[in-house]
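One chain follows as structure tokens, the form predicted on its own.
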């Protein structure tokens, strides 16, 4: 099994790089035949990545969430999977290179620095915890993708405002579609973050009988969840469309990243296992 893991660890960055290259080529050339190929390559990459994560779980008898480099690999897979679902739902592939690039970066870092982790706290061997962490990472991946679409929206918006009708104008979807993609990604992220919170509520009392609901990681995650819940609801109730929603998406992303930095680096939390 260890040889299989080593092989997949080397193969994954190559697969993500290949997927990114094909999506980038499609962005510049926009050929339908290439569009079918890049979707297939991304699907194969995701399947291989899921197999790799399962192999890690079986080999070391714990979900691959015990080091930041294992988590980087899950983030890479989460971003690719979230984008793949979004592409299937919308059939819009012109933005794939901008998203898959994040998977390339996270997986390359993971593959270079990851190592066997045999001795881990017993609490990290819990499968429910693994599902909780993976759901949370999928949720944050949706938030990242929503922000990327927000940045693309602003690039196209600035180009239109300055009457620049070059590659960005020709290849990116319309402002309306970019806003919808940002919204759909935010909704996916919100739903998965909700699932992570629900699983956490079920798991926490069993794992930590004396835990506090005022733990920094809990309050930070809940705050991010509330921000996106308010933003998504406001899209319908308060007519939060177009540039207004994109501004919310980008602010929400900054809030989410700031929350992660503060709760993981500065605050003391029972989530710090190692």
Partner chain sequence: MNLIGISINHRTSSLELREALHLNRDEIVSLIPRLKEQIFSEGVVISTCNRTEILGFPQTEGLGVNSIIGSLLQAKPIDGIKPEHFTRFFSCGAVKHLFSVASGIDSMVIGDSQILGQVKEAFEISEDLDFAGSISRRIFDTAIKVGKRSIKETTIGEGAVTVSYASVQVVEKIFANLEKKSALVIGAGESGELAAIHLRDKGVGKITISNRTIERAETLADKVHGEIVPFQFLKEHLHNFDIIISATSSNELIIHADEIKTAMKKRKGTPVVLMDIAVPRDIDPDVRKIDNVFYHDMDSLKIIVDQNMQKRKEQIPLVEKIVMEELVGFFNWYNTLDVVPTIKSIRSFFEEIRLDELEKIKNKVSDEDFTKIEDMTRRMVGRLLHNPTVKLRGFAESGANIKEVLTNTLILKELFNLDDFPTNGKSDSEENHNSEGNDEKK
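Residue numbers count along the first chain shown, from 1. Predicted model only: the values in this text are computed from it and were never measured.
Keep in mind that the form predicted in complex with its partner chain is missing from the display, and what follows is about it.
Please identify, from 214 to 222, 62 to 70, 240 to 248, 48 to 56, the stretch that has a heavy atom within 4.5 Å of its partner chain in the model of the complex. Residues of 240 to 248 come within 4.5 Å of the partner.
So which of 148, 172, 188, 134 gets a non-hydrogen atom within 4.5 Å of its partner chain in the model of the complex? Exactly one residue meets the criterion: 172.
Contact residue in the model of the complex, from 105, 160, 199, 120 (heavy atom within 4.5 Å of its partner chain): By the 4.5 Å criterion, the partner-contacting residue is 160.
In the model of the complex, does residue 165 have a heavy atom within 4.5 Å of its partner chain? Looking in the model of the complex, residue contacts with its partner chain include residue 165, since a heavy atom lies within 4.5 Å.
Quick one: is residue 156 in contact with its partner chain in the model of the complex, heavy atoms, 4.5 Å cut-off? Answer yes; at least one heavy atom of residue 156 falls within 4.5 Å of its partner chain in the model of the complex.
Is it the case that residue 177, even though its partner is missing from this view, gets within 4.5 Å of its partner chain in the model of the complex, heavy atoms only? Residue 177: yes, in contact with its partner chain in the model of the complex.
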